[in-house]
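To begin, one chain is listed below as structure tokens, in the form predicted on its own.
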Amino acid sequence: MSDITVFAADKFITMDPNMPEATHVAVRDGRVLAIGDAQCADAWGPVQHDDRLKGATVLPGLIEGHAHMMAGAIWRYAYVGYHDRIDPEGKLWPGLPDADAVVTGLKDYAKGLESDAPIVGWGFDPIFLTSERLSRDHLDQISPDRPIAIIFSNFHLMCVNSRALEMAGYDAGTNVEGVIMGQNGRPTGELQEMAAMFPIMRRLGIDFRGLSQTPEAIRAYAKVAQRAGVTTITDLFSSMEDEDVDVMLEVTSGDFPLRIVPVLGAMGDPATIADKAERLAKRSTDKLRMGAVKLMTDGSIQGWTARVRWPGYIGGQPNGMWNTAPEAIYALCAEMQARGIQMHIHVNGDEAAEVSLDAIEAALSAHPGQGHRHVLQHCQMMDRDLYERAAELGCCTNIFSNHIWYFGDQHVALTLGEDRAHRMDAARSALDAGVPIALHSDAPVTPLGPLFTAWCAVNRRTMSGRVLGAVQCLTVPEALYAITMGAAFTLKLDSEIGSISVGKRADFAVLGDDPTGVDPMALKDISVLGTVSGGTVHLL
């Protein structure tokens, strides 16, 4: 049998300007050998032809540059979000439209648990409530005796019942930032950001690391990715203890259909974090790429914890919270730049982006060097002046376009107002300023699906159907580039993946229609038929 396989498809869209389209691609040793027609690899010796992709349009394997590995295993908890969601097994979970529906749904869910087990839900978002916010009083209706915790969709907030507050020692005398107090002087049950949430998580056994680092969680992640046409994905805030890496190396060996890029969470002493990142980089394989770090600066806009510039939030809420104080951001940036370690920096609010760019500029001044490709992540409120600064500093951006559809209407009405909402997730401004961009879902915050994310960036439709910021729309080719070559560039993997080019990994997304041939409004409806990873076909 020949070691060269020639795949045939209706069309290969390569993202390679030298050969933008083809009908056949030859693969040897897991890499692209030739591109063209049925005879494209004849000069290389005997070939075997594979027609399993006929009838499909094939893109480079889609790349999700900002997601979290708990996107698979989080489904062990009850989904209580506003939007319909589909779990890794393909089961539809209908959305819950209000607090009463959440209470009813969790009462039903609790019937299947042991009588003393904590009740944990996820995916809730207060921005869709039309009256009061979810509180301990709502959750006490489910059970006053069992601890209950509801993790919000942004994973920056949660709401707990009275029993859980009691277990953590939160009461009227508590003075902890993020423990929200009501007019009666007692905790409402809402907890904002990790410092306030962690005592509850520890006592209820809610372990984000445990949701990410088991063999079952990693395989579930691969299943979610395959359904979305993704062949390379991040885990963009990971503790990565030695035993975690051992598990990931074992699971991702062989014909595992996914390349994972876990990024070390940078919380703590900068030198210690840099030392660990350098050790991890030496353990990388083709399917497991390590060595970058993730800084967590501010919170979430829809949770009112992102740091936004003047005039702040339209409801008059305080101007967000710092998960990492500005002086610590400066110290981390200086250390990572000095050591040549790539940073991914969470910036939802424009104040967080400004502080982060200031810190990067200071680090570059102290430790000059090109090719760092530090990536600002989310970039929800960055405007042209911030994108131009990012371009000057050689930074990339990974833009959270899904927010336009999921939360755009609410941001107009409740958080930022009409003017600033029009420039949210301003991908066009980024490109015009010369900034390399990717687009992402932040799964499980929103569902993993790069074609849907591209649809959001192209059409900028909200749930009500309005176009939010038409001047910021991308073209279909620009959006497709952002979820392939653009994302590969932000991960420093563009020499290996992101296009169907000779010498690159034979990673493909197999689609049921041509995304460049359908109406742009139909982009999100294109079916994913499977993936090809390193030349191995994985059809759904």
Partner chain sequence: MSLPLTVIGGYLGAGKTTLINRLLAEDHGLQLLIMVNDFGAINVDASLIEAAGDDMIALSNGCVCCTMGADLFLAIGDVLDRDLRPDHLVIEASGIADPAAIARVAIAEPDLVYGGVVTVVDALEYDRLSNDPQIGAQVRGQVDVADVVVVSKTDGGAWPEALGVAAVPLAEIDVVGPLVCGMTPAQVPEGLATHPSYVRWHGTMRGAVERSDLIARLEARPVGLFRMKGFVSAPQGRVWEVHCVGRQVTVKEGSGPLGLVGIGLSGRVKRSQLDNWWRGFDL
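Not measured: the values here are computed from a predicted model. Numbering follows the first chain given and starts at 1. For clarity, a rigid core is taken as the largest C-alpha set superposing within 1.5 Å between two forms.
The same protein has a further form, the form predicted together with its partner chain, not shown here; the description that follows concerns it.
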Interface residue in the predicted bound form among Tyr109, Trp93, Tyr313, Phe198, criterion: non-hydrogen atom within 4.5 angstroms of its partner chain: Phe198
Interface residue in the predicted bound form among Met194, Ile180, Ala101, Ala413, criterion: non-hydrogen atom within 4.5 angstroms of its partner chain: Met194
Its partner chain in the predicted bound form: contacted by all of Arg28, Ala34 and Leu540, heavy atom 4.5 Å: no
In the predicted bound form, segment of 115-123, 172-180, 334-342, 371-379 with a heavy atom within 4.5 Å of its partner chain: 172-180
Heavy atom of Gly465 within 4.5 Å of its partner chain in the predicted bound form: no
Ala366, heavy atom within 4.5 angstroms of its partner chain in the predicted bound form: no
4.5 Å heavy atom contact, Asp207 and its partner chain in the predicted bound form: yes
Heavy atom of Asp269 within 4.5 Å of its partner chain in the predicted bound form: yes
Residues of 347-363 having any heavy atom within 4.5 Å of its partner chain in the predicted bound form, listed in sequence order: Glu351, Val355
Post core alignment: Gly169 C-alpha displaced by 2 Å or more between the shown form and the other one: yes
Yes/no, Asp255 Cα shift of 2 Å or more between the shown form and the other one with rigid core fixed: no
